[in-house]
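Next up: the same protein chain in two forms, each one alone, written as structure tokens (structure 1, then structure 2).
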Structure 1
Amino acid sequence: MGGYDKDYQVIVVGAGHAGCEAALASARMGCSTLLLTIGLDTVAQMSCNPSIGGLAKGHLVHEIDALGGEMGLNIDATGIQFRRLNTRKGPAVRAARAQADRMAYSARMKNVIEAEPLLDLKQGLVEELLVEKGRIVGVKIREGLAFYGKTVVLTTGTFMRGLIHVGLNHFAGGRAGEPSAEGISGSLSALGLRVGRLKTGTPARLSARSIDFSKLEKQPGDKLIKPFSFMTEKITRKQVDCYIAETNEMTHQIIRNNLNKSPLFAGVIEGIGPRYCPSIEDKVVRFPDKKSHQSFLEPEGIVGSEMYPSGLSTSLPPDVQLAYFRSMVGFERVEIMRPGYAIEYDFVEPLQLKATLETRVVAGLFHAGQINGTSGYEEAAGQGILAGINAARQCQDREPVIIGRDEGYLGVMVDDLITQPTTDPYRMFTSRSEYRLLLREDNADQRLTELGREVGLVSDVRWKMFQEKQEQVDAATQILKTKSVTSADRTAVNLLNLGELKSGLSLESLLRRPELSLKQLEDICPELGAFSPQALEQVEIAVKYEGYIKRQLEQVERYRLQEDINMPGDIDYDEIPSLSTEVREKLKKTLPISLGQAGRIQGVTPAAIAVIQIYLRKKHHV
């Protein structure tokens, strides 16, 4: 076996959304990095929906950006429709979403990677992991060449023993038209890691010129666009419309008549699919009384005619797909450009990971993305940047970075993965966080940019912009506290419809009133107009939700009391009295690093936590 004549500090396997963030993070932190991909033309490929963000996923993108990652900048540069979701709801659940020009998104990310000085991008299908004395030392590709490195980050997506299903036909593939990676699963199993099987799917791609858009409801994007990245000042790219389509009773009947041709219902597919993104045939069966299912029809780019019908993923045969599409209004003459399909793939149970995303079994081996049982580009990218940071810091003999549940959705996601069993592909929701009001999109930079600066990912330019924003937040807050309105200020009283004032009120007190906004206060206090919309948004939320935020901060303090109680690495759970066999088994399997994390393991009761805490006090003086 020949070895490449250059050793690396970090080797990243897979150039999807996780791999790109991992490789960029380690290289930007000063580590020589190799990014290996099956195909150089599919870097940051959008295999399914050509969009970034959405509920909770948008939060992850903002956090990745705040740390110094690339996803937010990439979608800002290539987005063709931007929309803010839940704008009528509270700030905790407001989220950004954008349609991407799929080819442009991939091309720009590849250019960024190729321009990174310490990062080499190479094509190669990894077949074997090279391990010596319990530590990863490199990888071997199909062509027989070995690459050596101090750490390896696996971001294999759906490629590990990928099996594509179209009707009752199936064939090996990591994505349509690309080979699967057959060797890595065996390597992982041989090393003692537990490997499981999951499934996901994608809808057909439709020809835009064969669709009658006049029969569909137009869905335009926002006129006033708020970018994803804290670095982006303005979106300048041409924007497009999306459309809303619906299935009907005829569509559902066609699907019901052909369920015997679905591998999902014929028992051919073994992997568990995503609970929150079921196929159209699954929806028809599970919700028999529902007359229609909505689909957002989304363009895949400015150039080209492919359209993505969201919510209609399927594994039915192509002829059945064509028949049910043509039963829908506006699609009577539709042409399918690429059929939809389901794909089964291997993943590694993430309970075997440390909070750093390093495997417990093999030192220096990190996992990120769908290999950990997650779904979605944003979840993958979030894990990627964290794995890249920790792989680099291990090479630099520095302490790892662990983000807490109270610090970011990134922390919530990792903690969920390493403490909860994977029953289906993991997807981020705002409801997964106990501290939603603290973990908003708008304050992701306040929470994580200082950390990004510390690890070496936040540039001087980004740091300066962050500091300027913080100065504006402080200055605007001071104005609200010191400026007031009295009964003598008739213009202000009338403009704000205050009625009779018995005493003066500060602008901060006025802003707490639900009927008043900061924009209205600008009319009577022009000084506020000098600050950026981003700074004013944070100020307004801080004032209006002050009581709620204070209560959540108190919850965080109580949470940290148990998080600060560390679980010794050599703890013997068999020695602790009064624990059930089930609890002992779960603790041994997960190996929590803190008492708080132990309490989040499914099946570990509050009573068990109390027993463990008493044991730690007596035995370890914790």
Structure 2
Amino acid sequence: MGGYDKDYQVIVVGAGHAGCEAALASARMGCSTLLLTIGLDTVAQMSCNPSIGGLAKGHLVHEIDALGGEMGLNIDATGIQFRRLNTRKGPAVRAARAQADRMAYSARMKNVIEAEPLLDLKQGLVEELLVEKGRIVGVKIREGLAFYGKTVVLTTGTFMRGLIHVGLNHFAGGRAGEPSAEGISGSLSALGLRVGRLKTGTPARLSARSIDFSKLEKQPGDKLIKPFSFMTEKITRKQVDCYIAETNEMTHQIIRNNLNKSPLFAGVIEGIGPRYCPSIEDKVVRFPDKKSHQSFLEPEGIVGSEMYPSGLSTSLPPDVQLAYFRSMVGFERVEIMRPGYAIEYDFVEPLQLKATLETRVVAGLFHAGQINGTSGYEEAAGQGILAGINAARQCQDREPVIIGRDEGYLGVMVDDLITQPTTDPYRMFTSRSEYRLLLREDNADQRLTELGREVGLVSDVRWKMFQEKQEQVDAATQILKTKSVTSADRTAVNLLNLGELKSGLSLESLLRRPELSLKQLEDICPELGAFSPQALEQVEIAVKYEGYIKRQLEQVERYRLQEDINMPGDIDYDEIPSLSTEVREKLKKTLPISLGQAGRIQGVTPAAIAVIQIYLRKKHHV
């Protein structure tokens, strides 16, 4: 076997959404990095929906961006329709969403990677992991070449033993038209990692030319676009419309008549699919009373004809797919360009990971993305950047970076993955966070940019902009606290419709009134006009939602009581008196890093936590 003559610090396997962020992070942090992937033409390929963001996912993108990641910038540069969701709800649950020009998204990411000085992008299908004495030393590709590195980040997506189902036909493949990776999961099992099986699916892509758009409802994007990235000033790409199509009784009847041809219902598929993303045949069977299902019809790019019909993923045979599409209004003469399909793939149980995303079994081996049983580009990218950071930190002999549940959805996700058993592909929802009101898109920079700076991912330009924003927030807050309005200020009183004022009121207390906005205060206090809208937004939220924010901060304080008690790495659970065998086994399996995390493991009781706390005091004087 030949060995490549360059030793890397970080080798990333797979240039999907996780792999790209991981490789960029480690290279930007100064580590010589190799990014190996099966096909160089599918870097950051969107396997399914050509869109980024949405509730909780948009939050993740903002956090990745705040840390100095690429996803936010990439979608800002290639988005062709932006829509902010929940604009009528409060700030914590507003989220950005954008349709991407799929090819442009992939091309730009590839360019960014190619331009990164310490990063080598190479084509190669990894077949085997090279491990010596419990530590990863490199990987071997199909062509027989070995690459050596201090750490390896595995981000194989849906490719490990990928099996594609279309009707009752199935064949190996990692994504339509791409080969599967057959070797690695065997390699992982042999190392002692538990491998399981999951399933997902995608709808057919339709030819725009064959659709009668005049019969469909048009759905335009936002006029005023708020970009994902802190660094993006303006979206410049041409914007397009989406459309809304609907299934009908006829569609459902066709599907029902053909259920025997669905591998899902025929019992051919063993992997568990995502609850939040059922196939259309699933929906029709489980919700028989629903007369019609909605589908957003999304263009996959500015040029090109492929349209993505959301909500209609399927594993029925192509002829049935065509028949049910053609039963829908506007699709009477539709042509399918790529049939929809389901795919089963191997994942590695994430309970075997540390909070750094390093596996417990093999030192230096990190897992990120779909391989951890998650689903979604944003989830993958989020783990990617964390794994990349931690692999690099390990090479640099620096403390690992772990984000708390109170600091970001990134922290919620990793903590969930390593403490809760995977029952179906994991997707982020805002309801997974206990501290939702604190984890907003608008304050992602305040939560994470300092950390990004510390690890070396935040550029000088971004850092300066961030600091300026913070200064503005402080200054504007000061003005609100010190400036006040009295009855004597007739113009102010009239402008704001204040009526009689008994005593002077600070601008801050005026802003607390639900009917007054900061915009209105600018009218009577022109100084405020000097601040950036982003800074003012923070000030306004802090004042308007002060009570709720305070409550959440109190909850965080309680959470921190146990979260800040570290569990020493060498703790011997057999030595702790009166723990039940079940609890002992669970703790040994998970090896929590903090007392708080121990408490979130299913079956670990508060009494067990108290006992451990006493033991720690005795042994380690915590």
Partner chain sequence: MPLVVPMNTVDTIIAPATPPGEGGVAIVRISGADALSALLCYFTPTTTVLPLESHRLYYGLLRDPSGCVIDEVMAVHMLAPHTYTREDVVEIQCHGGHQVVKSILDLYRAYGLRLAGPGEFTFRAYMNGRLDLSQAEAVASLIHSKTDSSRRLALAQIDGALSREIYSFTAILKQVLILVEAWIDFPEEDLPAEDVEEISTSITQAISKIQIITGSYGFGRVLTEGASILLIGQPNAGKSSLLNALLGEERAIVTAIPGTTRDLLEEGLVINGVPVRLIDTAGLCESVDPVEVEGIRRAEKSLSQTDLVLWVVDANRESTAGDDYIYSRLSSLPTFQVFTKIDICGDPDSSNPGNFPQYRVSSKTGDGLEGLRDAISDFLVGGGGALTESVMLTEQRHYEALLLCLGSLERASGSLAVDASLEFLALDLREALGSLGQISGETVTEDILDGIFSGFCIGK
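Numbers given to residues start at 1 and step along the sequence of structure 1. Definition used throughout: the rigid core is the maximal C-alpha set that superposes within 1.5 Å between two forms. Since the model is a prediction, treat every value here as computed from it, not as a measurement.
Shown as structure 1 is the form predicted alone, with the alternative form given as structure 2. When two forms of a protein are overlaid on their rigid core, residues whose CA moves 2 Å or more are considered shifted, and L55 is not one of them between the two structures. Core-superposed comparison between the two structures: CA of Y559 displaced by less than 2 Å.
For D574, a C-alpha deviation of 2 angstroms or more is recorded between the two structures after rigid-core alignment.
In the rigid-core superposition between the two structures, residue position I612 carries a C-alpha shift of 3.2 Å.
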